[in-house]
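In structure tokens, the next block holds one chain alone, the form predicted alone.
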């Protein structure tokens, strides 16, 4: 069949809107019509050439929602007409990682997913007969995709695609980092570095968890008002703090925060986040993706004295299990997504969405097909 897609033919080049050939689903696979997709910084990270796993040409996009069009042989959990969110972190429920209940990092298709192909080692996309690769197993910048059954979360049919597509990454990553990774408790004190699409959802997660103090740190003063709307209690602009921000935050949080979250991808900020934790029990969660080759460092004393440095992927959420629950939270008014969708664009203007993100003018731009 034919499908329209925004294709990254090379790094550092604008996406091109083209018509692709898309093969149908094979055994264990599902054909999905994507209705809406968010534009995430991770997509730009790959497009910029900084992603060590970036491969071209490919169809980017990993934050989508749509409707099942067809299923391949052996698919039992989905049928035509089901509404779904593609998962870049699948959940097979059978591999060692899934069965351990200690991680959400399913390993069943990781090897092929990282190579831009389906589990059988081939791509379903072609352009003029030449192979175009998949991205993160999702490729939601295409109007139609083929994805493994285990990489699709079935959701309720009354949920709006243009809102819940954001749950495919940003919402789940931010809220999940609080709920499932940090396991923040009522009355805690927390600091969130970076008030973009991820950081605001971290703040939202902390509010849900009952945090007593939520400090937002960002060099963009325009983020203050919306962060307060999502639950931030204190705003700190590092450019307005005289000297080192770490002692300032330690003093503000009465000895250091119980939890800190880096949503910037900046390794210097990651160190500041760790060192802003409370001695003896503070946890610092790394969410942001750093450039290829970047390394983090701190004095061993920071860890010996009880601080914990940990990372999270997809907020620790188990996709097929937890994503439908988060959709329910949105539909029941427990979380706010509407105010985070600041721009909507047709596919033809997808590159404008990246421009808005770089300029700091958007929280999340959504492309509707």
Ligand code: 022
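Here the structure is a predicted model, which means the values were calculated and not measured. Positions refer to the first chain, counted from 1.
Form predicted together with the ligand: not shown, discussed below.
- Remark: all three candidate residues (110, 113 and 289) come within 4.5 Å of the ligand in the predicted bound form, counting heavy atoms only.
- Residue-level contacts in the predicted bound form: of 257, 227, 98, 136, one residue has a heavy atom within 4.5 Å of the ligand, and it is 136.
- With the partner removed from view, the residue among 89, 143, 181, 276 that has a non-hydrogen atom within 4.5 Å of the ligand in the predicted bound form turns out to be 89.
- Although the partner is absent here, residue 313 is a contact residue: one of its heavy atoms lies within 4.5 angstroms of the ligand in the predicted bound form.
- Taking the partner from the other structure, the ligand in the predicted bound form has no heavy atom within 4.5 Å of any heavy atom of residue 34.
- At a distance threshold of 4.5 angstroms between non-hydrogen atoms, residue 40 is in contact with the ligand in the predicted bound form.
- When the ligand is considered in the predicted bound form, residue 117 lies well away from it, no heavy atom lying within 4.5 Å.
- Here the chain stands alone, but in the predicted bound form its contact with the ligand, taken as any heavy atom within 4.5 Å, falls in 81-89 among 143-151, 81-89, 120-128, 246-254.
- Although the ligand is not shown here, in the predicted bound form the stretch 49-86 places heavy atoms of just one residue, 62, within 4.5 Å of it.
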